[in-house]
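A lone chain, given as structure tokens: the form predicted alone.
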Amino acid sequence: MRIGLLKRHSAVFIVYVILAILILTTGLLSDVFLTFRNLENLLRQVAPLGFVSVGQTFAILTAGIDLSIGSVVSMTSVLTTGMIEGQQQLVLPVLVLVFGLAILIGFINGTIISKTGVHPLIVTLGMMSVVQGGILLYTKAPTGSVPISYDFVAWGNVWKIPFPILLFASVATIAIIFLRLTVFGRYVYATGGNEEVARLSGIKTGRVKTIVYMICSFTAALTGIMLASRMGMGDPLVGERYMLDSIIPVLIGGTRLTGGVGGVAGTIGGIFIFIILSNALNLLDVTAYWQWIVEGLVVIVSVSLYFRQKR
């Protein structure tokens, strides 16, 4: 029974073994890595990437992908700070508005994908262009401000634990429960595993996809408001990196681009590997160009290993 359980979760097991080896190796190579200040910094970095990667996991599990995530991050960041302009009384209504806009974008993505059959890559790439264009019409430079109390979102602590990691842990836990213990979660896996069979079994696969892309945009909005708090202003280009960076931890964590296999537990390990690897390379004074090469090789090797296991 234990052997069967290990086989079913072999990808998750592998990713956490890699994570442990990475932590041990980096700790031996750098005296700074295991210091309290560096570890706290790492935990604060995990949250923004973590939110979008959790959302991306949902999309990839349905054999899709969401390339509009980055532009939704930028939109949320810019509108949050641009509309609040340092006024405490506007924080709640503005956050409700930006979350609503983000979810609407996800709804449009999911509806177009499910109703037309156009590949998610094309639909979300087009949406990315539309949203990013709208952002640049709104502002071409960092703008806005937030009240001092809003700093807590990115820089606050709860019982000496960084608030961002607590928020991410809550989101990730809900996502795991949602995928593994609910009917909708089973529908997500069924849709990604074989959409036609799922549809013939009575699953409304179109509705499943629509909800999945709404979840993607919601998590992107979480990242946007976190970055707005961290920087104190909105940047129209801040989300660019998350379009691809949100995919890397998902693939490292064992979720397959073909859909139906993987999950948030593996993605969490992938997020920590990605963040720690970047941190380790910085501590070891490796140039940014080499960092790109190393990160690219990690993705290629990890995905290749999982696909080899499939055969």
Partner chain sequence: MQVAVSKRLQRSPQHIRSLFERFGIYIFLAILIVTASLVSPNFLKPQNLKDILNQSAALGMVAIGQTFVILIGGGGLDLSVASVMSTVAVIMAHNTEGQNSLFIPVMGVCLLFGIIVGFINGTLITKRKVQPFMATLGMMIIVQGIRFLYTKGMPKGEFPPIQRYLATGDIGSVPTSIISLAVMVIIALFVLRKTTFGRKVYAIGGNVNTARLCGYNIDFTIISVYMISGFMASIAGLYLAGWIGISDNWVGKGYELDSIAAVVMGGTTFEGGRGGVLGTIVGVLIVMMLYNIVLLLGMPVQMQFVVKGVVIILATSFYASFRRTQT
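Positions refer to the first chain, counted from 1. Keep in mind it's a predicted model, so treat the numbers as computed, not measured.
Keep in mind that the form predicted together with its partner chain is not shown, yet the notes after this line are about it.
Checked against its partner chain in the predicted complex, the residues Gly100, Pro93, Gly133, Gly202 give one hit for a heavy atom within 4.5 Å, which is Gly133. Listed residues Leu244, Leu42, Leu284, Leu34 were compared with its partner chain in the predicted complex; Leu244 is the one with a heavy atom within 4.5 Å. Across the options 122 to 130, 154 to 162, 76 to 84, 170 to 178, residues that bring heavy atoms within 4.5 Å of its partner chain in the predicted complex belong to 122 to 130. Among heavy atoms of Thr182, none comes within 4.5 Å of its partner chain in the predicted complex. Though the partner is left out of this view, Ile215 does not reach within 4.5 Å of its partner chain in the predicted complex, counting heavy atoms only. The closest non-hydrogen atom of Leu166 lies beyond 4.5 Å of its partner chain in the predicted complex. In the predicted complex, no heavy atom of Ile21 sits within 4.5 Å of its partner chain.
Residues of 213 to 231 placing a heavy atom within 4.5 Å of its partner chain in the predicted complex: none.
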